[in-house]
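This document starts with one chain, in the form predicted alone, laid out as structure tokens.
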Amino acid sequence: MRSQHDSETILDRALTAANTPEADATFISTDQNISRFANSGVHQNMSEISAALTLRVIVDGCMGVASTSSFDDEGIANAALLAHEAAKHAGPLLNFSGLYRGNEPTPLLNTFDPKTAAVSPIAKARALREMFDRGRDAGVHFAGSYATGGSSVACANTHGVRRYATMSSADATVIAIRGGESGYATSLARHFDDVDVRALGDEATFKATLKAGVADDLQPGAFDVILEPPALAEVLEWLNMIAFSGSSFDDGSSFFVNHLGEKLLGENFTLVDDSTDDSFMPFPFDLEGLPKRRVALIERGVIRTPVVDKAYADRLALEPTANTWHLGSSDHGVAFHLAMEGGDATREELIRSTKHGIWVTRFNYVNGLLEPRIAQMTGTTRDGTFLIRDGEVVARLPNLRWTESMVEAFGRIEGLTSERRRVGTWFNHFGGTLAPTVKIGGWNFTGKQELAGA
């Protein structure tokens, strides 16, 4: 990680090289370690120190962006030339009033834990060994990954905006395998102590061994479904791309279009972008330098706003939402801290309330592009799918294929847990998803999964 002084020095040199009144830049430096494991043994340990500078220029109303990992004068000058060249070939920004101007304070958040940033591979290996030993006693072996690290994040523009923060993260995903059955668990946090791989191993083992040897099958149809946080995170990530972004709103493909202020989903469905929650994955500003705040995307079923960067806030005549996470993003706004509100139930209560249904650990092979205007998606279940009958889990089910409109499904929520869990993903360096376990009526299952190895 780079110090604030080093980061701001590099940014100032980049803005000088940009040689234009409208320019901004980001500098991100990361030191991370990833331990990957399979067959209950660590097979790869990778440590990486990386840094990247991204420079954006606005010339004659057109935007150009370039990135570099070379921070000497020549490297920065080349990036500036490339950014100017890209601007020459870009179309003009519609109604753009200029880059962000302001000195509003950012929220005071606990984003960095030195212990997490400095965790040694040996410390992680010891925790994993305990998990492996416990799994061996239960007849399972494990696969997955366990990552920790720290980053420094800085941004600046030609209007005097300067931001700097450090952040740490710990992220573990565990798959327990017992013969042809498997279970899954995952966790994400700013603090190493909040990701307990032993507990994740126990949870994955529970899913891999629950109703062992008792299998059933179902004919295609609509069933009550209980979706755990990893399953919800998968569909919410797709919604991020096809419904919540500035570009999807602008091109008319989002179901938000023509529905702002309207109740389109269930009253018990609220989804926000919130990096100001210290219990989630806090971070104080976006990469245009705007202070972060809680932004309601869908509130009690009512469509509120897409997330937008400064350019698309101006283009669409919307309030900026501070959702720029890459200066060259074609999404023009991404919700990197999706938080779905919970309810007052427990998972066990949701199961007991189900007459005939399916309990799903997570989804795989999801395709969210079937019909974005109703958020129709298809996918398969994976790593723990169970049949519920008369309020009890009675059998394991094979991986099942489903096809469902999320607009319709989130209008049929019958219960939510008070407990919510954090779920990470490979493309989101800053945050993740915070979600409860949810019961939804009439989820459409179309048969067994068709793809070998899914």
Partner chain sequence: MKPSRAQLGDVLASLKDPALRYADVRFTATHHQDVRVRNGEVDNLSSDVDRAIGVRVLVGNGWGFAASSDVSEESLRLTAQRALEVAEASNIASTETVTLSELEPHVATWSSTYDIDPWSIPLEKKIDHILGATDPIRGDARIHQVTGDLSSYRQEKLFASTAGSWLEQTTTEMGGGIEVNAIHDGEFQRRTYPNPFGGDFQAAGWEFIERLDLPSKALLVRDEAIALLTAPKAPAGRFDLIVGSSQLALQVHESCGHPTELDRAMGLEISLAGGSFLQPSMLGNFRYGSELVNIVADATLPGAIGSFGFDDDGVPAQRFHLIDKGMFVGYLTGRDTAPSIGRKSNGTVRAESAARIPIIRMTNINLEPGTTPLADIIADTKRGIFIDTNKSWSIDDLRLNFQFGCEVAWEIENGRLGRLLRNPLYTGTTPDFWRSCDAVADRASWQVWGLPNCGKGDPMQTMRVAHGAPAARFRNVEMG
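Every value quoted in this text rests on a predicted model; they were computed, and no experiment measured them. Positions refer to the first chain, counted from 1.
This next part talks about the form predicted in complex with the partner chain, which is not shown.
*Asks:* With the partner chain left out of view, which of D250, D314, D202, D274 would have a heavy atom within 4.5 Å of it in the predicted complex?
*Replies:* Spelling it out, the residue with a heavy atom inside the cut-off is D250.
*Asks:* Out of V59, V407, L397, A66, which one falls within 4.5 Å of the partner chain in the predicted complex, going by heavy atoms?
*Replies:* Of the candidates V59, V407, L397, A66, A66 is the one lying within 4.5 Å of the partner chain in the predicted complex.
*Asks:* Select, from the options 289 to 297, 260 to 268, 69 to 77, 335 to 343, the stretch whose residues sit within 4.5 angstroms of the partner chain in the predicted complex by heavy atom distance.
*Replies:* Selected range: 69 to 77.
*Asks:* For the partner chain, considered in the predicted complex: do all three of N110, T186 and V195 come within 4.5 Å of it, counting heavy atoms only?
*Replies:* Not a single residue of the candidate spot has a heavy atom within 4.5 Å of the partner chain in the predicted complex.
*Asks:* Considering non-hydrogen atoms and a 4.5 Å limit, does the partner chain approach D390 in the predicted complex?
*Replies:* It does not: once the partner chain is placed as it appears in the predicted complex, D390 has no heavy atom within 4.5 Å of it.
*Asks:* Classify S418 as contacting or not contacting the partner chain in the predicted complex by the rule of any non-hydrogen atom within 4.5 angstroms, answering yes or no.
*Replies:* Because no heavy atom of S418 falls inside 4.5 Å of the partner chain in the predicted complex, the answer is no.
*Asks:* Applying a 4.5 Å heavy atom distance criterion, does S279 contact the partner chain in the predicted complex?
*Replies:* Although the partner chain is absent here, S279 would stay clear of it in the predicted complex, with no heavy atoms inside 4.5 Å.
*Asks:* Does R178 reach the partner chain in the predicted complex, with heavy atoms at most 4.5 Å apart?
*Replies:* Result no; R178 lies far from the partner chain in the predicted complex.
*Asks:* Which of the residues spanning 116 to 150 lie within 4.5 Å of the partner chain in the predicted complex, based on heavy atoms?
*Replies:* P121, I122, A125, R126, R129, F132, A143, G144, S145 sit within 4.5 Å of the partner.
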